[in-house]
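Take a look at this single chain in C-alpha cells; it is the form predicted alone.
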Amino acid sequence: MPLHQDIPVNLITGFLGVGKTTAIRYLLGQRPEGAHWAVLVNEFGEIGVDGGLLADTGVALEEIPGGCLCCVSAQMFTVGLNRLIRAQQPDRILIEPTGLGHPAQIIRTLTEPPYAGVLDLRATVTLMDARHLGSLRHREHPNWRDQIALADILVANKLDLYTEADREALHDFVAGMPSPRPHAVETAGGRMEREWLDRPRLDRGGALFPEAREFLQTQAVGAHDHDHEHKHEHSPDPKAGDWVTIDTRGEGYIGRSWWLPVDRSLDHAALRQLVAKFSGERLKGLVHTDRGWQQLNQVDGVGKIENLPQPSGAIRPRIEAILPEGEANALQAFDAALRRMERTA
C-alpha cells in the first residue's frame, strides 16, 4: 500500500515540564468534526506516561520510547511513523518529542526522502516557560536553545505563574532573537489556537544555528557524544505482578521509570508527602492509590497529585522521574520510599 500523501505534520516541542501533553490535549479538542488526527509521542523514559494521558482522546497514538531520536530510537521513529501513516491514514499528525530531544533531527527526517512529498511539515510549535529565562541551567542547555531556535510558533505557557519581571524578560528575549523571529504568544493551561498549526514554516535560508548543525554532523558520522543509555532491571511485562524499573541517562540527566504491580496500590498520604519532597527536574505518573487513581505532575519541585478518572481499559500504573546527573543518591532514596508505601489493592 503506498503511503498517504501530503499529510500535515506539526512538531509540538519544548523542554521538560512546559506542558506539551496538556497543549496537545487542548488541540485535539479543537480538531474539526470528522477529522482523523494521530499523535506520535517520544519520551525520555520507556513507559509512556504521556501516551497514557492521551489514551482517552480518541485519536490514533504511537509511542516511541527511549529518549533522544537517535541511533535505535531513530529507527523506531521511522517504523512507528510508517505504521501510523499506513494503518491510520490520518488527516494530521502531531509529534511530541521528548523535552530532552533535538528537533533539528526530526525536521531533517520529515523533510527528506522517503517522507518528502508524503508529509507536509508545517509550523513547529515550541512551548517554553518564561521563568526559565533566569535559569542558566536552562539557558545554557543546548536542547533548550535548539528547541527555541527552530520555533515557528513560540508559546510562552504558564502565563498565570509569571511575575511582571518574567514577562519583561520574555519580551526582551523575543525582541533579541535573530530574524526571522517566530510568532510569539503567551498563554496558560496549554491553550492553543488550531489555526497556529497551519502557519507557514519560517524561511531560514536552509541554514541551521550552530548547535543544530553540530548535532546533525555528529549523528551523520555515527558518534554519540550526548551519552544516552538505558539500563533495564528486567524486561517490562505489562501483566506482571512485580515491580519493573528502567533507567535512562543522557543530555545531562538521569531518569528512572517504574511499572507498578497491577494488583497493589500505594498509600495516598505517604505518596503525597514523597512527591512534595521530590527535588528533581520532572516527576509524572499514573498511579492507583487507596483513594483511587491519581495523576502525578511536578516540575522543578512544583506540582501536585490530582484525581484521575478510572482509565478506560487495562492500564498498568507507572511513574517517571528525571533528575540532573549527580543526583543518583536522591533517585535511590525516592525509589526505596516509593516501594515502602505499597499496599494490597
Ligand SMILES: Nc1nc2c(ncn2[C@@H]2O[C@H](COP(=O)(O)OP(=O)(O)OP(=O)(O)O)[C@@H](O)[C@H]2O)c(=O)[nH]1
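Position 1 is the first residue in the sequence shown; the rest follow in order. Just so it is clear, the model here is predicted, and its values are computed rather than measured.
There is another form of this protein, the form predicted in complex with the named molecule, and it is not shown here; the text below is about that form.
Undergrad: Of the listed stretches (83-91, 168-176, 183-191, 108-116), which one has a non-hydrogen atom within 4.5 Å of the named molecule in the predicted bound form?
TA: Contact-bearing stretch, as computed: 183-191.
Undergrad: At 4.5 Å by heavy atoms, is each residue in H138, H141 and L323 next to the named molecule in the predicted bound form?
TA: The answer is no; none of H138, H141 and L323 reaches the named molecule.
Undergrad: Is there a non-hydrogen atom of N297 within 4.5 angstroms of a non-hydrogen atom of the named molecule in the predicted bound form?
TA: N297: contacts the named molecule in the predicted bound form.
Undergrad: So in the predicted bound form, does any heavy atom of R282 sit within 4.5 Å of the named molecule?
TA: Judged by the heavy-atom cut-off of 4.5 Å, R282 is in contact with the named molecule in the predicted bound form.
Undergrad: At 4.5 Å between heavy atoms, is N157 in contact with the named molecule in the predicted bound form?
TA: Close contact exists here: in the predicted bound form, N157 approaches the named molecule to within 4.5 Å, heavy atoms only.
Undergrad: Does F15 make contact with the named molecule in the predicted bound form, using a 4.5 Å heavy atom cut-off?
TA: F15: yes, in contact with the named molecule in the predicted bound form.
Undergrad: Pull the contact list for 19-34: residues with a heavy atom within 4.5 Å of the named molecule in the predicted bound form, in sequence order.
TA: Those in contact are G19, K20, T21, T22.
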